[in-house]
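Next comes just one chain, in structure tokens: the form predicted alone.
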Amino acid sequence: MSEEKRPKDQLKAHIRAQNQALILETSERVFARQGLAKTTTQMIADEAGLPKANVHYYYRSKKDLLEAVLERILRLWLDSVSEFNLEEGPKRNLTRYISEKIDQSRINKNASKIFAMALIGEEHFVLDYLRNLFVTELKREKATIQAWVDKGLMAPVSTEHLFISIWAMTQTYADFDAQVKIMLQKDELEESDFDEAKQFITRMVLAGCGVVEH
């Protein structure tokens, strides 16, 4: 490749990355607001300020676009939540994990809603992703939790039900934020509400798991 062509190729790659990011960010907002079934690529194009043809240039169909959005969401979640550290013990790890999950509900509310919609609709992409990745990660965390149980740092628990419960408690602040706002009698949730939720859920989980000081 000549030196003359490289800047042009770099510019094309930059434009492509910018357009894809814009389309995915816009899609996330529209899918969360309209629902997976009602959303059209025309709606996404209109909100992004792009011709519909540009959307289909990068994503051939709404299905391809939804899968790209879901993959982006799942990667974001996995990158933003720390793995358990055996040496730090259960109290510090569970406290941090719950805090990070609540932060995801606060910062990426739309992402959580789309994920919930996809699960309810049994989108094959999400189900396959969960089977291939989350189940593998759960096995690793299960081994860590069992090691803490063996050391007497916490009571024996079902790792599967522990994570199901934590996900349900933390993600409800995004998926059912309207219900939470009604219960708290607020028009919008504030950071202090999420902090209070972290503290409450953490106390429940640590007590329920019989976690001892470490």
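Since the structure is predicted, the reported quantities are computational estimates derived from the model, not experimental observations. One rule holds for the numbers: they count along the sequence shown, beginning at 1.
The next section is about a form of this same protein that is not shown, the form predicted in complex with another copy of the chain.
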{"item": "Heavy atom of residue 117 within 4.5 Å of another copy of the chain in the model of the complex", "value": "yes"}
{"item": "Contact label in the model of the complex: residue 203 to another copy of the chain, heavy atom within 4.5 Å", "value": "yes"}
{"item": "is_contact(residue 185, another copy of the chain) in the model of the complex, heavy atom dist at most 4.5 Å", "value": "yes"}
{"item": "Exercise: residue 22 in contact with another copy of the chain in the model of the complex, heavy atom 4.5 Å", "value": "no"}
{"item": "Contact segment among 143 to 151, 22 to 30, 47 to 55, 168 to 176, judged by heavy atoms lying within 4.5 Å of another copy of the chain in the model of the complex", "value": "168 to 176"}
{"item": "Residues 17, 96 and 103 all lining another copy of the chain in the model of the complex, heavy atom within 4.5 Å", "value": "no"}
{"item": "Within 4.5 Å of another copy of the chain in the model of the complex: residues from 107 to 146 (heavy atom criterion)", "value": "113, 116, 117, 119, 120, 122, 123, 127, 130, 131, 134, 138"}
